[in-house]
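We begin with a single chain expressed as structure tokens, specifically the form predicted alone.
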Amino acid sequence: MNLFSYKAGKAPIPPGGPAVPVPTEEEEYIARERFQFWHRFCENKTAVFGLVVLAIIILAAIFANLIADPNLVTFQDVYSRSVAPFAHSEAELERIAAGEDVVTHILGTDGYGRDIFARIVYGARSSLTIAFATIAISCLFGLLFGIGAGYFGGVLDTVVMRIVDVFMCLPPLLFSLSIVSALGNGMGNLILAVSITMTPFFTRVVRATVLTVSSMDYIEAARANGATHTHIILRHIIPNCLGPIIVEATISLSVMIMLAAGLSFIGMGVLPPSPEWGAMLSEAREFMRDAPWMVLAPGLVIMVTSLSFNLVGDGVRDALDPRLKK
């Protein structure tokens, strides 16, 4: 094999056979980095545990139709209100005695007779949709504003960062609440409010990374060779910003879950009767002394989901940290 055929990514054509593709040095480097990242991540047992729990929650949300009956989400049975887990009301016991099939409420029912387990499973769709949609929007605009401020600098940097400083002085929950109050209730407005609240945090992270990358020698070499701003940003700046963005995104997902649940708790999020974990907590407040399972079930799900996102975020941060590479 000669040197030129290796750089082209192809081996010499053997007699009587086609060329065998050979990975380039860049492809081998990317594959090696991915393997090392996954190996370092798997060494963190708590991060792997968080990833497994998140996978279970996401799969439950995707296959909710196979786990729980969708009719139980909004069906109100006035004769089966505040039923304890794995228990039955008097009306259900009579139907059982008559030979009828009765649904077993694994986590009990709420004050309207709705099945809590079904509402938690389908509520995962709302909560995770809000979390992932807000993280995508925040990352996108944070990337745009951060690159613009860090790479071009000057007046644009000053204006963007002063706006970011003003927004970051406001408490996230209060800022989101004011936006939802102005726009109105609903999942779309909730996603927009949380996205606006979290965008300044991503902007600051991206700008700090861009300032570091822009001072590297290979950026100056690219400029000296006549590379355009678009080429430098797409080829060098953005790939080097992905690591900090991924770390910030995974850690911020728990914050977004809590923000969405908090806004829904005070009635400024998802509209009823659509299930959402924060709204379920709000509806269960008046029953928490007589029926504590109404509060414990959605509260534990919110806590476990947020904790899992934090564990995964810490694992990703440690796996991407170059100081931990051996």
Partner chain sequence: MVKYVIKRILILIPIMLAVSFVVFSILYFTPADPARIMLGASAPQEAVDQLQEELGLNDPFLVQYGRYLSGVLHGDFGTSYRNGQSVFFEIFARFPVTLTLAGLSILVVVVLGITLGIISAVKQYSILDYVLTVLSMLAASIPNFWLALMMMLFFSLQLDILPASGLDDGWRSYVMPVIALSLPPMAEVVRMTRSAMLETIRQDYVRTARAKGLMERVVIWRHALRNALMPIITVIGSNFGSLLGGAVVIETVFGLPGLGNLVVTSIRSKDVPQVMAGTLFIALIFCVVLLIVDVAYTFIDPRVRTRYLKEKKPRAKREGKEASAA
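Positions refer to the first chain, counted from 1. The structure presented is a predicted model; accordingly, all values stated were derived computationally and were not measured.
In what follows, reference is made to the form predicted in complex with its partner chain, a form of this protein that is not presented.
Between the options Leu51, Ala61, Met288, Ile67, which residue brings a heavy atom to within 4.5 Å of its partner chain in the model of the complex? The option sitting close enough to the partner is Met288.
Quick one: of Leu174, Val155, Ala98, Met216, which gets a non-hydrogen atom within 4.5 angstroms of its partner chain in the model of the complex? Filtering the options by heavy-atom distance leaves Leu174.
Is its partner chain in the model of the complex close enough to Gly262, Leu296 and Leu311 that every residue in that trio has a heavy atom within 4.5 angstroms of it? The answer is yes: all three residues contact the partner (heavy atom, 4.5 Å cut-off).
My question is simply whether Ala55 lines the interface with its partner chain in the model of the complex - judged by any non-hydrogen atom within 4.5 Å. Contact with its partner chain, no.
**Asked** Is Met268 close enough to touch its partner chain in the model of the complex, meaning at least one heavy atom pair within 4.5 Å?
**Response** The answer is yes: Met268 has a heavy atom within 4.5 Å of its partner chain.
* Is there a non-hydrogen atom of Phe167 within 4.5 angstroms of a non-hydrogen atom of its partner chain in the model of the complex? -> The answer is yes: Phe167 has a heavy atom within 4.5 Å of its partner chain.
Could you tell me if Val159 has a non-hydrogen atom within 4.5 Å of its partner chain in the model of the complex? Heavy-atom contact with its partner chain at 4.5 Å: absent for Val159.
task: Would you give me the residues of 212 to 229 that have any heavy atom within 4.5 Å of its partner chain in the model of the complex, in order from first to last?
output: The stretch touches the partner through Thr212 alone.
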